[in-house]
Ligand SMILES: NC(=O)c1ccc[n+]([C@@H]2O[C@H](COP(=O)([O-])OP(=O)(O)OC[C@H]3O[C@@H](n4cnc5c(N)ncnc54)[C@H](OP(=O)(O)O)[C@@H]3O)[C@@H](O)[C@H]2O)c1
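Form predicted on its own, single chain, as structure tokens, below.
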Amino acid sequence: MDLQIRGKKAIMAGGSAGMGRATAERLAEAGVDLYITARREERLVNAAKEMSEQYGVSVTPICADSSKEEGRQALFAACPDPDILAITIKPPAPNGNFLELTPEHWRDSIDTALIGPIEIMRHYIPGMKDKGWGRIVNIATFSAKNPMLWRLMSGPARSALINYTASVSREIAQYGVNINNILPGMFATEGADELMEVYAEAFGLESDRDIVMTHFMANNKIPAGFVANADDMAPMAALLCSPLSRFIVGQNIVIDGGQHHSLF
């Protein structure tokens, strides 16, 4: 399918690994010039080089933490006028006892999953409106709609994010600028693998991958029968970044193998 975005300019915040990289690859494959951000410089630079060589497009790495003002300013300076903005963040660690969560935990979650994305969108929306076209996609989490006690550091902040985008998207759609969100369920990504030990600790398990995955699958029923990988989500993200999504406005698209039991 031709996504009709060849030659456009896109930012993928969080684009060095996992869902961010998979989305960046689909955009690069479609002929988009990319600016990708991440905090780990070596992995980021390697990812940019590999994508540029594979797809023949410009891929500019920006080592920055978008939850911090200085990180956002580095991004703004490197790419002042994108046509496409896609944002994802590293999944937060599973929490243990909810009564032990402190204001500092909540502030960190809000800075990362709410304020960071909002401030990036707020900066770029005026330019997209002036051009008469733009696409914004947040890769969030299905726990924004599906409350999960052990994912309190993930769900509430991004519930607020999808509330924000639902309101803003309906204001700016008339200018050809669309915002939509993808709400992924349980995916096997590098970030998820790094949290395996934290998950084991939160549930009092041995730090063994097989034990953790057995516990996880027993307590998280996925009708599809498997944990997805990032490539199961990225085509939808790329579609939402294209003109083909012109009538999709302010939506929250759950991709979770059927785990979330809801009509809407």
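Everything numeric in this text was worked out from a predicted model, so none of it was measured. Residue numbers run from 1 along the displayed sequence.
Just so you know, the form predicted together with the named molecule exists too; it's not on screen, but the next bit is about it.
Since the chain is shown here on its own, which stretch among 65-73, 204-212, 51-59, 26-34 would lie within 4.5 Å of the named molecule in the predicted complex, judged by heavy atoms?
Heavy-atom contact with the partner occurs in 65-73.
With the partner left out here, if you bring back the named molecule in the predicted complex, are Lys9, Ala237 and Ile253 all within 4.5 Å of it by some heavy atom?
Result no, not one residue of the spot touches the named molecule.
Would Arg158 show up as a contact with the named molecule in the predicted complex if we use heavy atoms at 4.5 Å?
Answer yes; at least one heavy atom of Arg158 falls within 4.5 Å of the named molecule in the predicted complex.
Does Met19 make contact with the named molecule in the predicted complex, using a 4.5 Å heavy atom cut-off?
Judged by the heavy-atom cut-off of 4.5 Å, Met19 is in contact with the named molecule in the predicted complex.
Does the named molecule come within 4.5 Å of any heavy atom of Asn181 in the predicted complex?
Asn181 lies outside the contact set for the named molecule.
Spell out, yes or no, whether the shortest heavy atom distance between Glu190 and the named molecule in the predicted complex is within 4.5 Å.
Looking in the predicted complex, residue contacts with the named molecule include Glu190, since a heavy atom lies within 4.5 Å.
Taking only heavy atoms into account, state which residues of 26-52 are within 4.5 Å of the named molecule in the predicted complex, ordered by sequence.
Result: Thr37, Ala38, Arg39, Arg40, Arg43.
Thinking of the 3 angstroms or more shift, are the C-alphas of Trp106 and Pro91 brought closer or pushed farther apart in the predicted complex than in this view?
Distance between the C-alphas of Trp106 and Pro91: shorter in the predicted complex, by 3 Å or more.
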